[in-house]
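In structure tokens, one chain follows: the form predicted on its own.
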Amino acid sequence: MGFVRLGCKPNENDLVAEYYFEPARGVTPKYACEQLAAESSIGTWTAIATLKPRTAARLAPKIFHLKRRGAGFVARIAYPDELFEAGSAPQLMSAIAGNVFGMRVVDSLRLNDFTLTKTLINAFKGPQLGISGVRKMLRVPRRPLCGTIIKPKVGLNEREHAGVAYDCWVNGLDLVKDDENLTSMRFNNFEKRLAATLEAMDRAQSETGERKLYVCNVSAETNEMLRRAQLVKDNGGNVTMIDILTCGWSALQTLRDANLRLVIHAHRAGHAALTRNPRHGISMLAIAKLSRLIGVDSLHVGAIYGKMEGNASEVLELVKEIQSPRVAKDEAQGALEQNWFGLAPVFAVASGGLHPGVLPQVVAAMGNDVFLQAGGGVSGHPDGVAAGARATRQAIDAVSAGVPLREYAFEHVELKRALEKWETTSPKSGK
């Protein structure tokens, strides 16, 4: 096919995708890679009469990097951006992460990363608010933000849910969030929960003088999702949450295109089905990049310390990419550029097994531009939800003041009690 051109440099009009793959038995790495490049662009399994030389010359992919890594190989393929529909996340993923996963020439395949051209990036809207917009909304210019997920994640009725939210807000938390599978149930109707929880938020804001966020899960069939998002806005809410993978890229683009001026909080429920196997699937880095391009304002990235799988380097890679866009040059990739062309950075959301005792480590690793969400770490406090919220905020205040938690706990009984309960907990296990 002639797609292998090792050592050549992609140009400014090339989309570059990096794959890890393991060839099937009896298949050479070069042949496997050529088949992958063909399937994701202009070729197929055999020579075809309809592929004219002029078309091939203009649109052919270039495999410019092919090296062994562990049990497999890493390939970097440059595709002319004419092959992609500008602003279409579904078409982009169908091309670089579509049929290629079903091909017999590979036993394993993983999309590690991709970079887009300026033309393709500018076709996406990107975040409407981003970190600076969310901070302006809350009037919190610097410190890490803290919140909780209502627990149990399902089971409470609307008034119970709103009552827990109020207790959390009035005792210091910035954010209260629905969980990924709380939408509209018989025992907890969406409209009733929205009204009751926003009323609780208004009371908490009035009593504390602080701005608060209610992250309301609008995940549903696309038309119903838009209806729910509009209800959030009409009722004075400020945040929508969408399960980006189970709803899909089209739904996320539709929500962003609605231009509701609401924070879009992205939950990554189901991501591990794609990301967990380091030899197969799609990396969380690729998912995070596409989410940011489409326009989320905050995104779950893992917690480093907690109950969810994911090592520190993987989480920090996401934070670096999401929060600190830069032009990066990788010598192994020649002049490959990752240029975000002015797209706003988004908040990294750390959650999954967090409690006050591990928050200093998370902030030290991830920085101040992070949402720290403790679900069980608030609701599981030995003195109840209100004390759990106070302990969490006290931990954040201690971090912001540069005071060790145990020292700060001398005069803050809720934090002291939290540390006593979880002091034997391993930060890495979250148990």
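Note that residue numbering begins at 1 and tracks the sequence as displayed. Predicted model, so just to flag it, every value in this text is computed and none were measured.
Keep in mind the form predicted in complex with a small molecule is missing from the figure; the text below concerns it.
> Can you work out whether the small molecule is within 4.5 angstroms of a heavy atom in all three of 171, 382 and 414 in the predicted complex?
Not a single residue of the candidate spot has a heavy atom within 4.5 Å of the small molecule in the predicted complex.
> Among 112 to 120, 212 to 220, 262 to 270, 95 to 103, mark the stretch whose residues have heavy atoms within 4.5 Å of the small molecule in the predicted complex.
So the stretch in question is 262 to 270.
> Quick check on this chain: which one of 72, 352, 345, 281 has a heavy atom within 4.5 Å of the small molecule in the predicted complex?
Selected option: 352.
> Sort through 182, 149, 252, 229 and report the residue having a heavy atom within 4.5 Å of the small molecule in the predicted complex.
It is 149.
> Looking in the predicted complex, any heavy atom of residue 300 within 4.5 Å of the small molecule?
Residue 300: contacts the small molecule in the predicted complex.
> Using 4.5 Å between non-hydrogen atoms, is residue 153 touching the small molecule in the predicted complex?
Yes, residue 153 is a contact residue.
> Is residue 374 a contact residue for the small molecule in the predicted complex, using a 4.5 Å heavy atom cut-off?
Residue-level check for residue 374: yes, a contact with the small molecule.
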